[in-house]
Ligand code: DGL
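Quick setup: one chain, the form predicted on its own, written in structure tokens, and binding and motion questions come after.
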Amino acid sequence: MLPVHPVGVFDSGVGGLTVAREIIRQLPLETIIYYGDTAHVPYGSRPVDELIRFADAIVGFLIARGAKAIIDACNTTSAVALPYLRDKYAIPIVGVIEPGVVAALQATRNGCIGVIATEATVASNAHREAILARDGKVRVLARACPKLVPLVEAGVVSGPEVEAAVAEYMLPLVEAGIDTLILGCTHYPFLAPVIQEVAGPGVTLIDPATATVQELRNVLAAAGGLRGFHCSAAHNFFVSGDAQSFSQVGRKLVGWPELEATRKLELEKGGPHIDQEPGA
């Protein structure tokens, strides 16, 4: 592991930018290479074998681009593909489910934890199993929220449509008595103000990005891979779908000028094809 190499981050779309944002906050010396599989978003309703195939291709690309460690910033692929990826590749791959679970268990006061996530993540029972493996007395209530990712991908993070969707998913969890809520999709932190308003002040929201990047820091430090100096290398962003759309939505959500240089990259059997013009 060479400290000067970038950290890879991938997601189905813009959601992983919440993790990239946390890397920049906690590890400002690091350079990021990001891949958003926007041609296939949302991931939540896709079969497991397809999700593993997508994640495998993306990780292979990030390694080929020199990533020293990778964050699977998609809860859906963290739930179903992470064991396969870790078995296949020697590079450290950090998921977002375990760090979020640990943070939720530390935060809960009444032992009732809610999880909102995609259909595939909820169906995997990954959060429930991880929580109960640590504390079998905790109640875990999970809700699939298929309307939320498309809203965030469209850059819609507030307003009546968001409020109605969040209320539909959240109110049954609040009525059931949760005091802690895991945002089980990295798109959802962009909706956190609305989610918190619906949940009320008695519910603690857990954004797994914070604990995930803390784990990344530990992994890099243990391997001597932390970058120790500023570097002029820019962050790089790639998507499988429309680069201009990703750039526009991403800039609205996080405000980074670097997103203007997002490039389209399709992972094909014959090798990746990258558009030559940024934003093409």
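Don't overthink the numbering: it's just position in the shown sequence, from 1. Computed from a predicted structure; not experimentally measured.
Although it is not shown, the form predicted together with D-glutamic acid is what the next lines describe.
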{"item": "Interface segment, criterion being heavy atoms within 4.5 Å of D-glutamic acid in the predicted complex, picked from 132-140, 69-77, 195-203, 106-114", "value": "69-77"}
{"item": "The unique member of Cys185, Ala209, Leu181, Val101 whose heavy atoms fall within 4.5 Å of D-glutamic acid in the predicted complex", "value": "Cys185"}
{"item": "Contact residue in the predicted complex, from Val239, Ala55, Leu62, Val41 (heavy atom within 4.5 Å of D-glutamic acid)", "value": "Val41"}
{"item": "Proximity of Ala81 to D-glutamic acid in the predicted complex, heavy atoms at 4.5 Å", "value": "no"}
{"item": "is_contact(Ser12, D-glutamic acid) in the predicted complex, heavy atom dist at most 4.5 Å", "value": "yes"}
{"item": "Val149 within 4.5 Å of D-glutamic acid in the predicted complex, heavy atoms", "value": "yes"}
